[in-house]
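Alright, two takes on the same chain below, each alone as structure tokens: structure 1 and structure 2.
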Structure 1
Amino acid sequence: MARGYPGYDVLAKWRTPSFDEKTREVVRRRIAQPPPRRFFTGPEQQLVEAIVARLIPQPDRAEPIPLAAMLDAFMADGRGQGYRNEAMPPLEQAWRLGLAAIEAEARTRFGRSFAEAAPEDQDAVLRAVQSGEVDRAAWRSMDPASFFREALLKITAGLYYAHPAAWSEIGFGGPASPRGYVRLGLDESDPWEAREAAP
């Protein structure tokens, strides 16, 4: 189990019937050079870089999935999630407030900015936010645990697994139109699916 899919690349199917034109257009944009920063401020962007490096570390990747840039684009496009909890401000404000509060927590704890803290210290701050055990003053009326779960972690995790490199990593078939699949049963796979590493 969890042996991985060495050598499997979803994008190798680019010119096969698993990719249609519309999907190529969308995926091409996804893997292109990330667009210039539009939503976060410079310091916020640095902080986001540091946070996502702990939420989803990618030491194995020569070219990490540009999560901070993807987050910036997601926020700038403003499509959001289509709702918010009554205890949360609108998503844009929630992010700005949450980032400032995480930075404040790091400074109180370690006397230095989050981005400059040691990885273990960064993790300790994030764990404290996740469990709500932080200095609430900086969070105003927002619940830190809800922010961590519903905004920070949920969106970041979603965006990471929206990238073709992550699809290849977990052996997902990826785009599948118009061809789809033929072999659907247990332990069955089509020739255009990922092969799992031998045990």
Structure 2
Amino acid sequence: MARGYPGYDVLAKWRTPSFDEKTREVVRRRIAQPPPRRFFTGPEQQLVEAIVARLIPQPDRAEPIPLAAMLDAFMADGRGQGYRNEAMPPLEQAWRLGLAAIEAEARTRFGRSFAEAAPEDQDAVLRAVQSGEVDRAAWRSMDPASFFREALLKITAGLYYAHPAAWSEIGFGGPASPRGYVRLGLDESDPWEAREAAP
């Protein structure tokens, strides 16, 4: 993945006014080794690892952001999204049902588990879920496209961009607290923000 901010590392600001002890503690938890699996079963975790590898590939990272482990911790902690889509079951149930349905779709289409399927077959299954063109029986009353959009994609992308490695990748200057951002107009930036490399 080509970076627009070569050499930028948001954590180089660790001992500057961009971070105070509270923000450093939050960031420490995000970059620490993820805790052991607590929510997903072993087979579910293997499936989640395969799915997130297709949703947000990280081929250029020496140390990929541990999305599957972060997702397991997110679910185990029961943090939720701050809202609930009334057309979907509670998040924990939605994930268990959605994962089982994705696995069933892969087995129906390709005769093998999602994790064992070829990358192009995995992509075909995920595109089918995204468009809702799947065997609806496995999904019961949950809409597959809603699960893809509201749970699978939003949460995975949110966790990815909550990690400081992704912050550096997009030139994000770090938490707004304690320093804050002052220059908020179009094409304005504060002196401590990253500068995008010329194309």
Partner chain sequence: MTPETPRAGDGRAPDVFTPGGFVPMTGFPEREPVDFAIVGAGAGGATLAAKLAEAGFSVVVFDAGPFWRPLDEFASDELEQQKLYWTDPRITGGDDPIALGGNNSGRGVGGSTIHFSMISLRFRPEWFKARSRLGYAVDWPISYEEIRPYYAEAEQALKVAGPVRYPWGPLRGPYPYRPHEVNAPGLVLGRGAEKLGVKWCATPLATVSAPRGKSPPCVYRGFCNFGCSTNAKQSALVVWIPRALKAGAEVRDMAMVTRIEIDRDGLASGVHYVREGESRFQRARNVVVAGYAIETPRLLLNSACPQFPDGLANASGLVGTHLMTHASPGVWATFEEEIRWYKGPPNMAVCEHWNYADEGKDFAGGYAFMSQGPLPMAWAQTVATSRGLWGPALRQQMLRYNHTAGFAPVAETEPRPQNRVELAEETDAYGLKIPKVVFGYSGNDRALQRHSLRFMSEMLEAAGGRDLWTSTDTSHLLGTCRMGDDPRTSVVNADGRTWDIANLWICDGSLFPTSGGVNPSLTIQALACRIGERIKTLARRGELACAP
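Here, a residue number simply tells you its place in the sequence of structure 1, counted from 1. This one's a predicted model, so the numbers in the text were calculated from it and none came from an experiment. C-alpha atoms forming the largest set that superposes within 1.5 Å between two forms make up the rigid core.
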task: Please let me know, 1 or 2, which structure is the form predicted together with its partner chain?
output: 1
query: By the 2 angstroms cut-off, has the C-alpha of T23 moved between the two structures once the rigid core is superposed?
result: no
message: When the rigid core is used for the superposition, does V182 move between the two structures (threshold: C-alpha shift of 2 Å or more)?
response: yes
Shift in Å of the C-alpha at W192 between the two structures after core superposition: 2.5
